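This document starts with one chain, in the form predicted on its own, laid out as structure tokens.
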């Protein structure tokens, strides 16, 4: 005798759909409550930076309608990529409550090595690009050695590195002081002329949204299995749809001009890889643990020395990569490469974006938000034909404000026992 499963009546099906909608609504309400509790505890994340970006865009768009034009936004993204890549490396050392003051000099020296080896010595481009990255790794390893073996504070060692590496840059560039890169070389085309075809950009956005939803659903399911709170499935799908629509609209708007720059995508790729490593790997968890309490991390069995070594190496390698991108953007390496405001902009971008100077809190995405703030201010003031001195004053004020917000949020977290 076989038993047939009963067929649900229309009334039962209606009740089931009602229950699903009720569960979804309850999930959204729970997420909103969790967000409110995090904000009250001082865990405000990137919210102040996003609000600041909106205010900056609204003000400059009001003063000059060209600010949000597709042409200006494409240029803004291109200008953000090089220093933004350097800022990602700064985030890593700041997470350990350290600092690297030589990132500008490393980027300038990398540009000089590229120009001398590729243009003057005629070496293959891949060698001329690899050598500066190896130089960056060696510099970072030296900083880590000085810190771990001799206890030299990173502030002192990297300040000394700033001066010494700048001297190497001036030495190899010689009396000419400037070496132009061929306009038909890959590095120049990469930094100036490579843009995605419109169809490719739209497809890429779909892939990004699908990957985001897939990772979010997997992570939520894993947290539920471990008895932890997790985002609701309807909430994840809504965020995925909003992400898809928002990115497609942004890409469509950029395609009204030259489109999506490949160099900016490279910058986003660096952020994605570093963000994944920080959040999904044992190395990333160790970074946050050491930044929060180095002695507790050491007692927990974390190999602190290796983490410091990798952080300093990655910081210098990303600084060298940013210098190569800047050289391609300028199509030259000069005595001023890596000098000026490169150092301050990269460090300010990391801090403004939400990475704490006290260590233990931050994200790779903060480099993106911070550099967009800095470049948006610079772009807006240039459109208004205002002096660069005003840009430095505004950027300095924003930097101080970011540190004040971080300090207040730390106090709030400490008061709630979540520091």
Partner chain sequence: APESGPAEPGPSETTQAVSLETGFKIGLLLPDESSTRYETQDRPGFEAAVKAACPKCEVLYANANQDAAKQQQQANSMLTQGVKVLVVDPWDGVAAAAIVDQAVAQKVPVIAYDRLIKSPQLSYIISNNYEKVGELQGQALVEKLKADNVPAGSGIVMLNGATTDNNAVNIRKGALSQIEPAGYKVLAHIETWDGPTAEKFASSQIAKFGTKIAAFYSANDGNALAAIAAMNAAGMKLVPTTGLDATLASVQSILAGQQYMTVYNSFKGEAEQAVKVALDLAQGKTPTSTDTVDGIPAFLQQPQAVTADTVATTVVKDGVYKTSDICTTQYAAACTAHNIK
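Positions refer to the first chain, counted from 1. So that the term is clear: the rigid core is the largest set of C-alpha atoms that superpose within 1.5 Å between two forms. Since the model is a prediction, treat every value here as computed from it, not as a measurement.
Heads up, the form predicted in complex with its partner chain isn't pictured, but that's what we're talking about next.
For the options 130, 336, 256, 232, the one in contact with its partner chain in the predicted bound form, meaning a heavy atom within 4.5 Å, is 336. Scanning 238, 208, 268, 332 against its partner chain in the predicted bound form with a 4.5 Å heavy atom cut-off leaves one residue, 332.
Heavy atoms within 4.5 Å of its partner chain in the predicted bound form map, among the stretches 247-255, 69-77, 132-140, 312-320, onto 69-77 alone.
If you check its partner chain in the predicted bound form, you find a heavy atom from every one of 64, 179 and 386 within 4.5 Å.
Shown alone here, residue 340 lies within 4.5 Å of its partner chain in the predicted bound form, counting heavy atoms only.
Among heavy atoms of residue 200, none comes within 4.5 Å of its partner chain in the predicted bound form.
Among heavy atoms of residue 183, some come within 4.5 Å of its partner chain in the predicted bound form.
None of the heavy atoms of residue 213 is located within 4.5 Å of its partner chain in the predicted bound form. Once both forms are fitted on their core, the CA shift for residue 55 between the shown form and the other one remains under 2 Å. Relative to the superposed rigid core, residue 384 undergoes a CA displacement smaller than 2 Å between the shown form and the other one.
Annotation for the pair residue 346/residue 395: C-alpha atoms recede from each other in the predicted bound form, by 3 Å or more compared with this form.
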